[in-house]
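Given as structure tokens, the chain that follows is alone and in the form predicted on its own.
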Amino acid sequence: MDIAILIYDGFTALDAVGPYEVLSCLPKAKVHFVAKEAGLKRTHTKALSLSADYKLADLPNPDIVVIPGGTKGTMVATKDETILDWIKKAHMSSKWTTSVCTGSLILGATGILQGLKATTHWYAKDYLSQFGAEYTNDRVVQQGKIITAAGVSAGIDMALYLAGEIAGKEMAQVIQLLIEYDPTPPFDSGSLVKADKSIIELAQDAAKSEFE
């Protein structure tokens, strides 16, 4: 089972690495980091790089596609025809096509999300609607073989859900235990519903500075 995780300059590390940790535990899974050109790709913080060992052309028909998000780099990727063409062609034969965070904007730019429900990072929900998708405030949204995840850490939830669909709930629970995914955050401000207004305003300012 070939799993292609797209990376590009400006992606968010956990968007890619979270699903990688989960999906790499699946039986007979082969995870490939792919990019327009092979080599190191810098994250949006510029503090970390991941290596794409494969070009997009090297893996035209993966079984699973994972598209991570980011900020400014993601917006650039939404206009990159080489990336968009690869996604469209890969989606035609994939068993599952997925996105994490603002990766749904890249997926949306292909036209694949037109008329479908989808999720993304809360800050980018208005961007998502520009691609004809209906934003849903859920952590994981499935529409047929398309699965979109909300912001950053939701990629782990998405990958565990996908693991359950592929290998069964028991295996997914084994993977969850192996990675000891049992979050008990020190603060209860992880969504717009839970966070105080002052926290939301600060987060909006921080997100705006990353996108603009």
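One-based numbering along the sequence shown. Note that the coordinates shown come from a computational prediction; the quantities given were computed from them, not determined experimentally.
Quick note: we don't show the form predicted together with a further copy of the same chain, though the next part is all about it.
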Site test, A13, F33 and S191 vs a further copy of the same chain in the predicted complex, non-hydrogen atom cutoff 4.5 Å: yes
Heavy atoms within 4.5 Å of a further copy of the same chain in the predicted complex: which stretch among 126-134, 113-121, 87-95, 72-80? 113-121
Contact of P27 with a further copy of the same chain in the predicted complex (heavy atom, 4.5 Å): no
Contact of P183 with a further copy of the same chain in the predicted complex (heavy atom, 4.5 Å): yes
How about T45: is it within 4.5 Å of a further copy of the same chain in the predicted complex, going by heavy atoms? yes
In the predicted complex, E21 touching a further copy of the same chain (heavy atom, 4.5 Å): yes
Can you name the residues of 45-78 that have a non-hydrogen atom within 4.5 angstroms of a further copy of the same chain in the predicted complex? T45, A47, L48, S49, L50, S51, D53
